[in-house]
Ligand code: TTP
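The chain below stands alone and is given in structure tokens; this is the form predicted alone.
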């Protein structure tokens, strides 16, 4: 199992759909955004998180962790090469950690969250064979997120995108405050600032780098 990581608006879903259409032996799995975007009383959990982050941060991050762990346990049983959008690890080290550092999750709530994360992930989840980081300048991520116009993301401030970018760099490039087991997982960083969706040459260059990475790890 390989994990495709990246900021909001980095192009993960689009890239997975394109590469799956051209490489049938490479199986892909999208992030379960639809679960978090299901509306109840006119608002989804994701919308609640973005519009009232301090109130909903722990609820959302705990629910997302549960969903990601459930999926991870299924994916790690696959005998095929599997490329998965996001993971329990970026959910923790990028999004949940950012909520704590930004003051949306209190010190006590963070301790509870960490206890759950460490118990469930350490005892049940195997680390992936590699991480693929679609790295995008946060200004470009922000514009792409605005352009795709998902209703749940309409209230995301640029500062949040910038912070999540920093957390991804800390996790996947600097490898700060992560377990030794995760530090040993290979990472390839792909510059995704150029438009690969309409530029065939850019897409082919990205795909070739990723397929070579998978072949040699």
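Residue numbers count along the first chain shown, from 1. All of these numbers come straight from a predicted model, not from anything done at the bench.
We do not show the form predicted together with the ligand, though everything after this point is about it.
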Partner proximity in the predicted bound form: residue 195 to the ligand, non-hydrogen atom cutoff 4.5 Å: yes
Non-hydrogen atom contact residue 135 with the ligand in the predicted bound form at 4.5 angstroms: no
Interface membership of residue 8, the ligand in the predicted bound form, 4.5 Å heavy atom rule: yes
Interface membership of residue 14, the ligand in the predicted bound form, 4.5 Å heavy atom rule: yes
Stretch in contact, per heavy atom within 4.5 angstroms of the ligand in the predicted bound form, of 108-116, 84-92, 70-78, 121-129: 84-92
Triple contact flag 61, 163 and 167 to the ligand in the predicted bound form, non-hydrogen atom at 4.5 angstroms: no
Contact residue in the predicted bound form, from 43, 148, 174, 54 (heavy atom within 4.5 Å of the ligand): 148
